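Here we start with a single chain on its own, the form predicted alone, put down as structure tokens.
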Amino acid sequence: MGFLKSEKIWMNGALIPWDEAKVHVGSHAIHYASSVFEGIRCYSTPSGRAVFRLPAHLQRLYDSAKVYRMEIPVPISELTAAVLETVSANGMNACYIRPFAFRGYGSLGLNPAHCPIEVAVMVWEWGQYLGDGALSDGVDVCVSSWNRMAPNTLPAMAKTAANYMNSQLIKMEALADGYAEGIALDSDGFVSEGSGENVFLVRHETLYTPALTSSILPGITRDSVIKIARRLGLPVVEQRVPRELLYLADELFFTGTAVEITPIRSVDRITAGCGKRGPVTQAIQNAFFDVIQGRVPDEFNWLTFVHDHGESSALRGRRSNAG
């Protein structure tokens, strides 16, 4: 999967050229992984460009920072405007958005108290994370030999760079063994999540997903799927999920900003359900994409529309309420 850079990055209060967004080699984040980040998507809709659940994503960013005693130096309202400005400045109709905050250069000891906190927003074009056809055909995954963090070690509810060292081990192992992705278990041996995705399974017309106590990130797409499922009349259960239920599920799928809603067709070479996208997964997919692509009214109020430079606030308000 290639990486296509965009023209501008918002960094510490200003838009600058992509290649000029640099940090000092002594930055605390480089040595100790002291950064928090988000992954957000902007979609092209008939009413214009729209960012999916921007307030929820940015609130999680500030929550993650709070856990690590990081005082983000810009208010959430300013970072919200920065995200929209960065998308607009790069002229993108659909893109992936990465706002993040990190401890910069100040001292090289473990204590980060004297390191400044820097903030940036990047955007770039990103298609299907797990490959072309994944949304319809599904992917083959394995149960990883790497577990998720145990409680009271690293906080799983915070979206931090440090946690993604664990994710890299899960992902690299899966790819090396010929799978598209890996699913990790928690420290007690119950299903946790993928390297960068939450997991859902369907069993006897009920939707199951691991609870927050299974060392998972509280995914924004995960929350969206729960809301959609309940709107469709599907029972949703958040609980501990034993590994073997992955093999016995009628349907399985991943959720996340990058993967959106991606079916799982096999786990450890054991076929999941009928081995292709199932009817419940497809119904949830359809309802999800109907909202984010602007085909139905946005009854959940999930879309924040991107305005062009110079567009009036009144027009922005009308577009935001267009549904």
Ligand code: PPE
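All residue numbers are counted from 1 along the displayed sequence. Given the structure is predicted, the values throughout are model-derived calculations rather than measurements.
Unshown form predicted in complex with the named molecule; subsequent notes refer to it.
The partner is not drawn, yet in the predicted bound form one stretch among 243-251, 137-145, 217-225, 183-191 has residues with heavy atoms inside 4.5 Å of the named molecule: 217-225.
Within 4.5 Å of any heavy atom of the named molecule in the predicted bound form lies no heavy atom of Gly278. Mapping the unseen interface onto this chain, Gly48 falls outside it, with no heavy atom inside 4.5 Å of the named molecule in the predicted bound form.
Interface residue remark: His28 is not counted as part of the site for the named molecule in the predicted bound form, having no heavy atom within 4.5 Å.
In the predicted bound form, Gly39 approaches the named molecule with a heavy atom inside 4.5 Å. Annotation for 86-106: interface residues with the named molecule in the predicted bound form are Tyr96, Arg98 [heavy atom within 4.5 Å].
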